[in-house]
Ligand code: HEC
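Here we start with a single chain on its own, the form predicted on its own, put down as structure tokens.
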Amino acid sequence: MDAAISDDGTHALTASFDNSVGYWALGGEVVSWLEGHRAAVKTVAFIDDRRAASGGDDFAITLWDLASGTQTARLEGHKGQVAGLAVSPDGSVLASASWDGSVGLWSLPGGKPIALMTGHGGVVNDVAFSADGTQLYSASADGTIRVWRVAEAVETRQLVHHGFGVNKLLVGDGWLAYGAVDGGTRIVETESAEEIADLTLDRRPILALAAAPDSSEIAVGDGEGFVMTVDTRSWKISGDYKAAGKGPVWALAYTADGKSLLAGGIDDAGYIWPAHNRLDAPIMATKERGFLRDPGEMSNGERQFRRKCSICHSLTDDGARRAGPHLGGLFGRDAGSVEGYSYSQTVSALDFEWSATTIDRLFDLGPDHFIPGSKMPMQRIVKPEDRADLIAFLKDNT
């Protein structure tokens, strides 16, 4: 869902739907899995080469000690998912964008809350500091980019009113780049708000923005799997190519030399990808995901599994990291008993076995009613025959 590379160029962070943060040596080896979020992780940021922050669907921000791989603080106060994070240039303030419509300010290193700033008329998707750290910019689904004075935690003005929701933003020397739901990709002056360039192509939505370390180039990732690169000196498009096969590019971060990008999307891997590539170059994803297969090729039971379960669960213990425990040996298994999986306290305390009856009730009532407080997303399978087909498929495949 997001990626970041350390200033010294040696390590990377990845935010994942499996509730974890990956801390990597840039060669591809995992240094540690940072566990502590109770739902999908949506955003990551290096505070410095030793510390990091992450935010997610559990409404919380977690601070990490990277040397030990341990959580140092859990920052709570938002009432919606934390979709974006930014660290001030001097490292003293962490800013957060939340789907509760607020912008958070937290002091570092400890994470003490400074303010939750309100004013947007929709969810807030991203935040970015000015170069001197005195101002903060926020992007929202209400179609605006607003400017806040950090010292007083007050809004000073609206810089942009785009009309469609703004997903991502970047701030450079006198300019701000943003990407929107309608595919709008534009550059404006931060003082006058005058448009410098319109880089919009016929692709939507814009889901990722990244700047090269020297700010000479930016990269744009969209929902159709393309990466576009732009020279910030001329504001001309310098490259445009298909990076992901089926699905979006959610995560982009430049390597320290500016020649490559750490990119990620719906595939369960991050890729070091040339920043400039041929339009016909091989795409990132190398395997077909089950949930992207043609539904006509599957039985109804498998269709229900692919749609409702396969993102979070594997049918067998395949060793892959996912948001939910594997389903191997599901029938007759005690709820909350897969070794090594971090269950919520609610599920850990359950006293029943998984059976045709309990699985049917799970999807008839919905997880939020059958097991209130679990990590499972709110979803139901309304038709009894669909639940029966899913159960039959699970019996045959787990």
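One-based numbering along the sequence shown. So that the term is clear: the rigid core is the largest set of C-alpha atoms that superpose within 1.5 Å between two forms. All values derive from a computational prediction rather than experimental measurement.
Form predicted together with heme C: not shown, discussed below.
Between heme C and the residues 60, 335, 26, 47, the one pair within 4.5 Å by heavy atoms in the predicted complex involves 335. Only one of the listed residues (237, 73, 272, 309) places a non-hydrogen atom within 4.5 angstroms of heme C in the predicted complex, and that residue is 309. Interface residue remark: residue 323 is counted as part of the site for heme C in the predicted complex, having a heavy atom within 4.5 Å. Proximity of residue 341 to heme C in the predicted complex: non-hydrogen atoms within 4.5 Å are present. Although the partner is absent here, residue 34 is not a contact residue: none of its heavy atoms lies within 4.5 angstroms of heme C in the predicted complex. In the predicted complex, heme C sits within 4.5 Å of a heavy atom belonging to residue 379. Contact check at 4.5 Å (heavy atoms) against heme C in the predicted complex: all three of 330, 354 and 390 pass. Note on the interface: of 154-162, 312-320, 264-272, 131-139, the segment with non-hydrogen atoms within 4.5 angstroms of heme C in the predicted complex is 312-320. Core-superposed comparison between this form and the one not shown: CA of residue 18 displaced by less than 2 Å. For residue 51, a C-alpha deviation below 2 angstroms is recorded between this form and the one not shown after rigid-core alignment.
Core-superposed comparison between this form and the one not shown: CA of residue 301 displaced by 2 Å or more.
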